[in-house]
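The form predicted on its own is given below as one chain in structure tokens.
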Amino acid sequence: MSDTTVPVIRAVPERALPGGAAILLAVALALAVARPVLPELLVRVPDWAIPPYQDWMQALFDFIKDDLGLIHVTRAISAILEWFLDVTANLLYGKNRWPYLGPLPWTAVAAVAAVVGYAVGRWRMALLAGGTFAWIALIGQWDLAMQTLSVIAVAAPTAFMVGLILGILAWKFPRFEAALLPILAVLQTLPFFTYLLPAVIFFKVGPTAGCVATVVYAIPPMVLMTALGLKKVASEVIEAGHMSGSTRWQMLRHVYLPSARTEILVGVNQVIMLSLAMVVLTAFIGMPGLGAKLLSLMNSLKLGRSFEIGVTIVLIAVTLDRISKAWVVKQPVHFERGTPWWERNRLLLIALGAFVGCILIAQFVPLANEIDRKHELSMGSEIDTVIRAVLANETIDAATAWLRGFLTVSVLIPFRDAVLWLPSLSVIFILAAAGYAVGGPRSALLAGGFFAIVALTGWWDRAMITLYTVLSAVVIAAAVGLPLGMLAARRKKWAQPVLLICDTAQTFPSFIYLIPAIMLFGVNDVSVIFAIFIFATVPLMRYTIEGIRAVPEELLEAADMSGATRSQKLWKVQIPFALPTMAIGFNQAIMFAFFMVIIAAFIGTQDLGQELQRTLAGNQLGKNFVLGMCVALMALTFDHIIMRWSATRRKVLGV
């Protein structure tokens, strides 16, 4: 009997550190060791050597705004947007402007939402959609929620249309795409405060500025998904369109766009979710609604009412996410020629009937029109009492106090001091070495160059505090998320519920994560780390599960045939194969952490986020942009290094 060779995958042999990377790392270590005797010039860029980027950018913005007259164009656009916002505001919560029809009864909105839910996902989705709007009304948050949704109703369609057009242009013209992609990459990594100040200056404070900032923030995924979908259209479909004699417009309208439907609808889902996330954050520039109320309540530490509003935001997010995802999966329904109009549009007629019926009922039943304060089911004060009782529990108080003290004294302060102590050149060379190791000289120049620009802005220490916060949170998130992801991936009955939890958690607006952090740890660095940790754990768990589950069955069977134990199969087969996917999870965790650390400035930090928040108080566009670029450049550095490593690893594994 001949021996059979079993093709068990092995971990890719670790290569020695490339010579260039080793040299760069040696220089970085030498600079760190020699720190006490280094001249100040090599420790930090002196003030006299820092170019006045902020003044240059401010002069550029002033020139564009005043001398070129962009402010007049933006104010004209602002007037158009304000008209649309007045219409949606009037319909949803009764702002006294044209068309003077609002506000719509809460029962009418809930009924239409239920029918829409049924149309895309049957009864469970109908219950979720209708129940969400019923909750909003019964809990006494209808006006706040409608103020938020009135902006989303304008911002999301605008972002969709602009993103669709840009995506089509990027697909059609490669040079346009090459110029657009770096801009989209920067837009996706800029902190949200960088969107807010230009929106306030060029547009009006309040809903208009919030709508503009939301549109700009939500456009990138729509552009990328549209271009991706159009590029993936099968050649057979294109040939069939040409053979039928279609014009260029008919090809786009009837061939390309329908074939790219799935990717375009995924873009729509991302637009809706980013719009909701941003419209909550625009509370910092006077946008009314759920975000403004949540910000006010958290400022006064009324955590019970904050919790209720947080639940409302989460329910809206989950509802919009589930409905838009169900729309992606649902295939178009086709009817035979001659099918009556009423049968083809049955659900539309049901929605219209429910809408009109609820409006008529609301004329005679006041509670069907509006829930007054006497009938609200809000339990904010009761929740506050429960929270205070829980936090006053000696065991919980002792545990959180010990954890806060341990992390602060033994982990966070030493790590922060070490990062701040390192010479800026040492950090730059470390990043350059990492870049060289994964991508050669070009990646080294890119990674080191990005951090060198940060050093030349004069905000190095603030940037390092931001970096220390991000890395601390991601390391803790990895220590928790990776083992949980591995356990869930190895047990099929666990994987689906955990993925469902991850999907749900990713729909939460980021503001929500501050609530448990403040509840448990108060206002300090540990709260910031804890909030980021919760936010960053989700992608680590998700991509670990997805990576391990994607291992081909043939490899697992081969490992079993070779007599591998479960532990050997995990470490020798599943983990090596899953590492490229897990790297994407790390990348997402770091991107989420950079995003969240800016929001955590609300708690009170000493990083770039705090400085960015201060720029909102004045007309400091130059400083705002420079600070935002510092965050974006740091995020892009890690994104480039991790994704380049992941791509190389995939190539080695042949996947």
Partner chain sequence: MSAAEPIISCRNVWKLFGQKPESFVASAKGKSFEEIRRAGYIAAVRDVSIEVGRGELLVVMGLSGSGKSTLVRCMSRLIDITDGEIIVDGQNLMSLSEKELIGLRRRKMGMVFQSFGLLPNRNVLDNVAFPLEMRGQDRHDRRERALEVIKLVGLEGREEYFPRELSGGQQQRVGIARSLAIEPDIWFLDEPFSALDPLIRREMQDEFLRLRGMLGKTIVFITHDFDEALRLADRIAIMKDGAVEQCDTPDKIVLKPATEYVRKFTEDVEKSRVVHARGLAQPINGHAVEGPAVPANATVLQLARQLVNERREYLPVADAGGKLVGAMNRQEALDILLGSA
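Residue numbers count along the first chain shown, from 1. This one's a predicted model, so the numbers in the text were calculated from it and none came from an experiment.
Omitted here: the form predicted in complex with its partner chain. The next part is about that form.
Heavy atoms of residue 378 never reach within 4.5 Å of its partner chain in the predicted complex, leaving it off the interface. For residue 97, no non-hydrogen atom is located within 4.5 Å of its partner chain in the predicted complex, even though that partner is not displayed. Although the partner is absent here, residue 255 lies within 4.5 Å of its partner chain in the predicted complex, judged by heavy atoms. Although the partner is absent from this view, residue 117 stays clear of its partner chain in the predicted complex, with no non-hydrogen atom inside 4.5 angstroms. In summary, among the residues 79, 237, 401, 420, the only one with a non-hydrogen atom within 4.5 Å of its partner chain in the predicted complex is 237.
This chain lacks the partner; the member of 393, 363, 331, 565 within 4.5 angstroms of its partner chain in the predicted complex by a non-hydrogen atom is 331. Only one listed stretch (300-308, 243-251, 470-478, 490-498) carries heavy atoms within 4.5 Å of its partner chain in the predicted complex, and that stretch is 243-251.
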